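As a starting point, one isolated chain is supplied in structure tokens, in the form predicted on its own.
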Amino acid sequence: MHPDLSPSLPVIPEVSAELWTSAVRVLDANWVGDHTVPSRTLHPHQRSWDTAFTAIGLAYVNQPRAWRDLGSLFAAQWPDGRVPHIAFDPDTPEDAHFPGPRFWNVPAYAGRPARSSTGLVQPPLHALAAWEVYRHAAAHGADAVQQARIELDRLYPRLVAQQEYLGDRRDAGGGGLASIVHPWESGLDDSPAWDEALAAVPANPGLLDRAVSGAAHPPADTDHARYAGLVLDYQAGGYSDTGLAERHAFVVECPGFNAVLATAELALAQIAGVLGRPSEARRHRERARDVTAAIGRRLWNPETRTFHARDVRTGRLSPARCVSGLLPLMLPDLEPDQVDGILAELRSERFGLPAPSHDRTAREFDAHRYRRGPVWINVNWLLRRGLLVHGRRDEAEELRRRLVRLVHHSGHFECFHPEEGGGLGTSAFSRTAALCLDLLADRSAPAYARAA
């Protein structure tokens, strides 16, 4: 780890002010009128869980934009409740993103033109984002609080529809968990957690040719050929979720995705309480407990004492130890033994603070390859929430300090080298900047801790 990341170095006010200013500057630069893009270069369209993370940061500096970001994304929600992982900007060229809107070929829906989104989803962090924006409204005055109440009322049914889609239509394994149908849905695209399940997917280079359709920098590896094939397979079925385990080549229960699903139910319980709907709040809390129990029942490996992705088609747990397996720490009703197992894994030589995206000791670990080694601020932000939920305040503070130092030293990059601390991927990345604002504010434990 870079010496500037040493835990003995305090986060001094000058560093905080400088980082705060630079984070706001990134968010301002990536605002495109009605939403924030992840970056102006590599990711020029609105992305689902990026929008949620960005709203959490905007809650401190621009409440109207935070609500507008969430509202813009949910304007792209499908009639079945799914929120697409990308809402395409019609003014952005087809070849600016792999794969472009023509490849997805999504039909017109809910008054939106054809090819305006993808058919995949991402972790449903949006209810938590909406709750966090509401919680910070009081700092912006009475008018902001009143507007936040209006925005919650407007978003709530859409957030519930998102949860119902994932909890019902995506329960391909019948065990109470949502399945992902593509690695991109996890938010951890190329994680080793998918390697075993992905190996059974045919890799046809011709499909990759169709996907890139003249892109300036097309990917050329086997995994991307499989990614393209999975999109076309899902598309061929009309993006339907009926009989997924029998007809689709990739159906996986991800511990990180489902931890966010349960966390969203807890946030919806808080929102329902504010809206004066106590019976619905109780239902959301029950649903969170049910999903938490299903994660423990289906994804816990007592031998490794951590959580692993499950291939629904084969019933096998992935052998890979990935950061997604640590994310259930966010859940207040997790069994104590499972909490202890995650904490031991987090403190081990395999991970540490800040946590890399994959086991440092594994053969597949790659310090430069996205979710196969680098440190991601958003994932560690979620882990910090988990530490706070379970009362590990010292470790949560240690993680906060290290993340702040990391970004201050290297910049608002997508991700960071797990040993040297250098920035990787694109720079001026919105969700890194947004979460820096939250980390600098040094918030206390989430409001839905175990007593809720």
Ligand code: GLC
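Start at 1 and count along the sequence shown; that's the residue number. This one's a predicted model, so the numbers in the text were calculated from it and none came from an experiment.
The form predicted together with ligand GLC is left out here; the points below concern that form.
(request) Indicate whether ligand GLC has at least one heavy atom within 4.5 Å of a heavy atom of residue 332 in the predicted complex. (result) Contact with ligand GLC, no.
(request) Check whether residue 392 has any heavy atom within 4.5 Å of a heavy atom of ligand GLC in the predicted complex, and answer yes or no. (result) No, residue 392 stays farther than 4.5 Å from ligand GLC in the predicted complex.
(request) Classify residue 189 as contacting or not contacting ligand GLC in the predicted complex by the rule of any non-hydrogen atom within 4.5 angstroms, answering yes or no. (result) It does: once ligand GLC is placed as it appears in the predicted complex, residue 189 has a heavy atom within 4.5 Å of it.
(message) in the predicted complex, does residue 49 come within 4.5 Å of ligand GLC, counting heavy atoms only?
(response) Within the cut-off, so yes.
(request) Look at the stretches 181 to 189, 242 to 250, 74 to 82, 291 to 299 and give the one with heavy atoms within 4.5 Å of ligand GLC in the predicted complex. (result) Among the listed stretches, the partner-contacting one is 181 to 189.
(request) Go through 68, 43, 408, 401 and name the one with a heavy atom inside 4.5 Å of ligand GLC in the predicted complex. (result) That would be 43.
(message) Considering non-hydrogen atoms and a 4.5 Å limit, which listed residue (380, 318, 270, 122) is close to ligand GLC in the predicted complex?
(response) By the 4.5 Å heavy-atom cutoff, the listed residue in contact is 122.
(request) Taking ligand GLC as it sits in the predicted complex, which residues of 301 to 336 have a non-hydrogen atom within 4.5 Å of it? Please list them. (result) Residues within 4.5 Å: none in this stretch.
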